[in-house]
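Shown here is one chain on its own, the form predicted alone, set out as structure tokens.
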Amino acid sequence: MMKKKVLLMGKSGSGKTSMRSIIFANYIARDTSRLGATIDVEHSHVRFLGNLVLNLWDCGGQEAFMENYFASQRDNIFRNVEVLIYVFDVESRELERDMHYYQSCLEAILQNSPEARVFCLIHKMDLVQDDQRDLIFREREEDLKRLSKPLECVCFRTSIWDETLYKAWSSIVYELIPNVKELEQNLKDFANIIDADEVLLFERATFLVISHYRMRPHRDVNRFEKVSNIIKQFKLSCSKLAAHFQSMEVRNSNFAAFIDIFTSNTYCMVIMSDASIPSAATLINIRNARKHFEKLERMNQGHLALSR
């Protein structure tokens, strides 16, 4: 089993626990208002792709806790970190203090986990006027990249009310998946064999996109995250009715989309624009590919065990 320590940090009220609950605990956005403030550090182990476990440390952002993280708990908090995710409330009136705490985090990361990857989420972007969002995000991104040196940080704009949250977390988790390039090559081979326009792989529990291959261009660059959001909500609706979501086919005059359980840890989505290929043929191809991708997952787990 491979454990990856992920620190989730930011000021109290910035939205850390809400986003964690939506991605990993099957909350919907409107239910997160019931969540209370995180006290000190909440640990959760999220099994991801079978052998990969995210050891998620959700760190309460009250001032007393933050000061404690940098003093008496410094080594414990910041040692062996794979990823730091720092969440900024875009509407915060204490930006200078937010940046001070962020820089303190970076200093502790440099000292204890210099190889860690750093991601900054500019959160609650739904509260910003549409015509101001690009400008405000670019300004914050420039400031954070400058402050982060010599570390590199990757910034995302996020909101619990749209697909941007899935886009950010998919990108972060993608960085943690071992042998992801091999997985993408196999998806490419599969798409070519069945003449698919596109093949996507979703993690089964979170429905985050973990890999994809596209043969033809598409104008909507955010479609993966929209699909993640829609299907996750549909799965939750099914579970409330004591029903189990397994597969779905959507078809119109331009394309057919098939979403089905793939391996023990994934769902796949196959997009076909060739109307001459019957649905039954595509479903058989998906079923036949399962064994190959299950074997690939087992091989990757074996490699991880050997490397440890």
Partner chain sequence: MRDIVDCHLCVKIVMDKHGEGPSLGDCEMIFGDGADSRGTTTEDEKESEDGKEMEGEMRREVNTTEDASGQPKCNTVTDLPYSDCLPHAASLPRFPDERTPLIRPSSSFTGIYSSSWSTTVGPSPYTSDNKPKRRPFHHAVASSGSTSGARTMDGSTIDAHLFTRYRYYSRLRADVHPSEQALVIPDHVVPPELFLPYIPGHTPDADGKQASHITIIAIWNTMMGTSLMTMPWAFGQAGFAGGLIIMLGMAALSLYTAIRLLTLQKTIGLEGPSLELSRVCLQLLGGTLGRLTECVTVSFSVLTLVGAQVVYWVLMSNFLFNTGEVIYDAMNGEIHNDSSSMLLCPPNMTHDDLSIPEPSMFHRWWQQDLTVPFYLIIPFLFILNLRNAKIFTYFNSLGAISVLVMYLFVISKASVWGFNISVTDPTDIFYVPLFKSTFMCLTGTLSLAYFIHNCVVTIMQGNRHQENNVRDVTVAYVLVAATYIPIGVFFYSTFPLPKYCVVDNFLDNFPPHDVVLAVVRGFLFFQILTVYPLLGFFIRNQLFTYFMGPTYEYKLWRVIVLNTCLITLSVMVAVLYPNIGFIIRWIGAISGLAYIFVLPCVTYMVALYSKDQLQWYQLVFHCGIILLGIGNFVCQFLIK
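From a predicted model like this one, the values you see are computed outputs, not experimental measurements. Positions refer to the first chain, counted from 1.
Omitted here: the form predicted in complex with its partner chain. The next part is about that form.
Colleague: Partner absent here, but in the model of the complex, which of 168 to 176, 139 to 147, 232 to 240, 101 to 109 has residues with a heavy atom within 4.5 Å of its partner chain?
Modeller: Of the options, only 232 to 240 has residues within 4.5 Å of the partner.
Colleague: So its partner chain isn't shown here. In the model of the complex, which residue out of Lys226, Arg97, Lys188, Arg79 has a non-hydrogen atom within 4.5 Å of it?
Modeller: Answer to the contact question: Lys226.
Colleague: Taking the shortest heavy atom distance, is Asn288 within 4.5 Å of its partner chain in the model of the complex?
Modeller: Looking in the model of the complex, residue contacts with its partner chain include Asn288, since a heavy atom lies within 4.5 Å.
Colleague: Answer yes if any heavy atom of Asn222 is within 4.5 Å of a heavy atom of its partner chain in the model of the complex; otherwise answer no.
Modeller: Yes - in the model of the complex, heavy atoms of Asn222 and its partner chain come within 4.5 Å of each other.
Colleague: Going by a heavy atom distance of 4.5 Å, is Arg117 a contact of its partner chain in the model of the complex?
Modeller: Residue-level check for Arg117: no, no contact with its partner chain.
Colleague: Give a yes/no on whether Ile22 approaches its partner chain to within 4.5 Å in the model of the complex, heavy atoms considered.
Modeller: Within the cut-off, so yes.
Colleague: Indicate whether the candidate residues Asp162, Ile193 and Asn252 are all in contact with its partner chain in the model of the complex, with contact defined as any heavy atom within 4.5 Å.
Modeller: Affirmative, all three are within 4.5 Å.
Colleague: For the stretch 127 to 158, which residues lie within 4.5 Å of its partner chain in the model of the complex by non-hydrogen atom distance?
Modeller: Sequence-ordered list: Leu127, Gln129.
Colleague: Given a CA distance change of at least 3 Å, are Asp130 and Lys232 closer or farther in the model of the complex?
Modeller: Relative to this form, farther apart in the model of the complex.
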